[in-house]
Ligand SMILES: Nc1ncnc2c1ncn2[C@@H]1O[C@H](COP(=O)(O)OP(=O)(O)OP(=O)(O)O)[C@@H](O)[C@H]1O
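Given as structure tokens, the chain that follows is alone and in the form predicted on its own.
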């Protein structure tokens, strides 16, 4: 647990002259789940995109698996992205493809598996997210919670070392929120996938996290365990927690 699989150092980013990150410093150890909390619009999703190279910081280092993604070109980033899955806020399933085809897509694109092996992998991944037997359904036939779980099955298809969760429980009812939280922990415990979760949902953060970070005005102003978060006396963090509870 001592090895940092992600390390962001003095990361600055602006869009159209508006600062979003003002010196982000954050590390994630191999095998842990870190949740980044913060109000909407503070740059939480930008942080995830900096990790997988979709957004380049203006300055600073973003070390992922020992390599600085900020210095990589698109060809080099392909290698890192194969090891970094992402669960998008809106699930981002292909509506014209079946569940099986959606989950198979990254395997078809990024593996040498045979069609039979891919079909078996799809079945296994659906079982991992507690949705066996829905291979032939289309996204339009699924509830919001089911779509999120299918998207998770697709995100883990290539067995990435890191999984980035962008607001994984947004729009879900309480039973599905609990189900997704359980699955986030299961991905770590069963598949050894390190997790970075972006959310404003305090309950989910407390449920899944080894450590919690708080992003405020472009900086990480708190990082600590869940018990440390509960007891924090940092005023900006305390006000955020109190407003969400």
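Every value quoted in this text rests on a predicted model; they were computed, and no experiment measured them. Numbering follows the first chain given and starts at 1.
Another form exists, predicted in complex with this ligand; not displayed. Remarks below refer to it.
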Verify the flagged residues 56, 74 and 84 against this ligand in the predicted complex: is each one within 4.5 Å by a non-hydrogen atom? no
Close approach of residue 195 to this ligand in the predicted complex, 4.5 Å, heavy atom: no
Answer with yes or no whether residue 89 is in contact with this ligand in the predicted complex, where contact means some heavy atom within 4.5 Å. yes
How about residue 100 - does it come within 4.5 Å of this ligand in the predicted complex, if we only consider non-hydrogen atoms? no
Is there a heavy atom of residue 176 no more than 4.5 Å from a heavy atom of this ligand in the predicted complex? no
Checked 200, 188, 29, 211 for heavy atoms within 4.5 Å of this ligand in the predicted complex; positive is 200
Answer range among 201-209, 63-71, 176-184, 37-45 for contact with this ligand, defined in the predicted complex as heavy atoms within 4.5 Å: 37-45
